[in-house]
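Next comes just one chain, in structure tokens: the form predicted on its own.
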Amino acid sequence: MDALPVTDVSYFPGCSLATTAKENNQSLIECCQKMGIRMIELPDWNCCGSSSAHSINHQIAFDLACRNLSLAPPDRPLVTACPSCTLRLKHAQHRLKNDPAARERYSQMWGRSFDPDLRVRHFFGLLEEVDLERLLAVNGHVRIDMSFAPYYGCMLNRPFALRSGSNYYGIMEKTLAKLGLRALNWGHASQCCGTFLTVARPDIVTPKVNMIMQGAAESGADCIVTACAMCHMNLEVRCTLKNPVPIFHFSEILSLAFGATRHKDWFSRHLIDPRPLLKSKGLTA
């Protein structure tokens, strides 16, 4: 069978994937290579304006997002894997399309006109367009016999005005089912993890995280699979339960199924060690 065609996309990793979630970044790039997607990182990108920026100064947060948009070449989509980054970039793009004064400021600050045709896309949007059956036929895959609780967090499809008809809930279940995993129904798939309150108000975030983690354990899941690096970090950092359920980035599971070789580097970074579970399933030595 012919090899998969290669598609070039601009890639905005964002602060979390560049720092606390490097394993998410590395596994994402590796699984995209298997899918024929070449991730070309934006040069000299900056914070998207999330975290404290948009809470303290809306204009600075908007300018931060706009600078990243200005760095993206016009001939390929701009892809993110972080729901929060996707939200900030799409919000800036939406405002620019509808606000002439914002477009004028953009041109003055960044020395180029706003490109209304630039497509800002979450990785899940690309994944929906991949012929997974053909991908598995070309690359083969490791069958993963595990049950999982899918955890999307609360930002992926919000706000409604920026959704543009996309609804990514369910894509992890559909994709991972083809790799042997079994999704379990549970009540916390889109619960907020506490996001950046984890720094200022751990007293609020810890009970929320423990509720989510306890829900996954009570569902009977072998693990949680996350769609958001910030959610992943909060679940690991703030959980105070004994023997918590292991957590994986979605990209780690994809890459593992596609025969990734660098997974030892990824899993050693987890605060809740997933390697005993993987070993018990015959997935690591």
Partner chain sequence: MTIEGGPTIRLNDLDLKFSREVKRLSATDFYTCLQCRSCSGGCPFSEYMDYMPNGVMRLVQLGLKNEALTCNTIWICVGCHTCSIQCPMAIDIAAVMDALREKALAEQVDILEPDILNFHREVLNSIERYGRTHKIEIMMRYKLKTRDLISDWAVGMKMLAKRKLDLTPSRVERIGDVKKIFQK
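Note that the structure is predicted; figures quoted are calculated from it, not measured. Positions refer to the first chain, counted from 1.
In what follows, reference is made to the form predicted together with its partner chain, a form of this protein that is not presented.
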Whether Arg134, Ala177 and Leu241 jointly form a contact site for its partner chain in the predicted bound form is the question; each needs a heavy atom within 4.5 Å.
no
Of the options Val79, Met172, Ala149, Leu87, which one has a non-hydrogen atom that comes within 4.5 Å of its partner chain in the predicted bound form?
Leu87
Using a 4.5 Å cut on heavy atoms, which of Val138, Leu184, Leu197, Val142 is close to its partner chain in the predicted bound form?
Leu197
Looking at 55 to 63, 215 to 223, 254 to 262, 27 to 35, which one sits within 4.5 Å of its partner chain in the predicted bound form if you count heavy atoms only?
55 to 63
Counting only non-hydrogen atoms and a 4.5 angstroms cut-off, does Gln191 reach its partner chain in the predicted bound form?
yes
Does its partner chain come within 4.5 Å of any heavy atom of Leu277 in the predicted bound form?
no
I'd like to know if Arg121 sits close to its partner chain in the predicted bound form, meaning any non-hydrogen atom pair within 4.5 angstroms.
no
Quick one: does Met39 come within 4.5 Å of its partner chain in the predicted bound form, counting heavy atoms only?
no
What residues of 99 to 132, in sequence order, lie within 4.5 Å of its partner chain in the predicted bound form by heavy atom?
Arg105, Gln108, Met109, Trp110
